[in-house]
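Before any questions on binding or motion, here is one chain by itself as structure tokens, the form predicted on its own.
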């Protein structure tokens, strides 16, 4: 079975982040026993520690908070590299940095940013994002976790599920409603430390993909959260979640692009080792793999450029996530076809990437949802609404 003996080159669109990409590929603990861990369903906490030591957990946080101050283009390049190794690594960065730390940067008070961001940038505290519930996934307005007003704060009750990093996180953004009849207008975001009394977590077993990463449920049973730990304003949680998910979709797309690129590299190396000159059936599959990958990368680069400039990018980010995820899954399937046409045995790495890619077309909004949204944007039936607090630009992140 052919193996990669050299690190893949940095795509031209990510050249400004070449140092970071080289740094990611040099982190050997990210690769250690990854196929075996995936097969056994063992998450790798040490991998997150290595990413923290490399400064990746604070990649796009401003230097004044202990981050690296890098831009969204660099974030895309790093997430592509992580995804090409294993989606679990990209998901860890997506949730900790993209969904939580960047949300605190955009929506938090001065006190919240000053307290939490240096801890998150250094990886002293890992963070996760508690939005999805057993009965509320794509329809966020249906969430039932409640926030009951009491003296000095709120009591949270409810369950969150499919939460990445749930069992290792020290900080949770928990979304709960002050009144379910208000639907979206009642949702509020709360910063909840693991030490909060009444908060507990559990592990989800038997996943199809991302098996080398931690996923679990979060239970809140009369968890008290003081007023000072409301993130944003009361009733603003839906807008906050959408803004955070903009970073989530962006990085999930980049990770799926990493799968598209890595499976294409594996297929090409295998064909070359077999003496296949690319003129036949397998060559046609490989050519389509290249085009899917490059088209998806250009869409992601456009979204990155808009985010770096501080311009609206919801349409472009959604489009990029949709197509990157589809490219990752299609390329993984094509690479398996090329392999199994010659060998009727399993290829652990390709099977792992295929299973991981299948998840990417589901979470962060299914491909069908993104397709429907893009049609609505094209017809003018849906328009982008800017949040009260704009997302930071590359210039803001560099401060």
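Positions refer to the first chain, counted from 1. Bear in mind that the values here come from a model prediction, so they are computed numbers and not experimental data.
Another form exists, predicted in complex with a small molecule; not displayed. Remarks below refer to it.
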Inset, instruction - May I ask you to choose, among 314, 167, 157, 132, the residue with a heavy atom within 4.5 Å of the small molecule in the predicted complex? - result: 132
Legend entry - Heavy atom within 4.5 Å of the small molecule in the predicted complex - residue from 224, 238, 162, 270: 162
Inset, instruction - Sort through 342 to 350, 48 to 56, 368 to 376, 35 to 43 and report the only stretch with a non-hydrogen atom within 4.5 Å of the small molecule in the predicted complex. - result: 368 to 376
Inset, instruction - Flag residue 210 as yes or no: does it have a non-hydrogen atom within 4.5 angstroms of any non-hydrogen atom of the small molecule in the predicted complex? - result: yes
Legend entry - Contact flag, residue 128 vs the small molecule in the predicted complex, heavy atom cut 4.5 Å: yes
Inset, instruction - Report whether the minimum heavy atom distance between residue 231 and the small molecule in the predicted complex is within 4.5 Å. - result: no
Inset, instruction - Would you check, heavy atoms only and a 4.5 Å threshold, whether residue 65 touches the small molecule in the predicted complex? - result: no
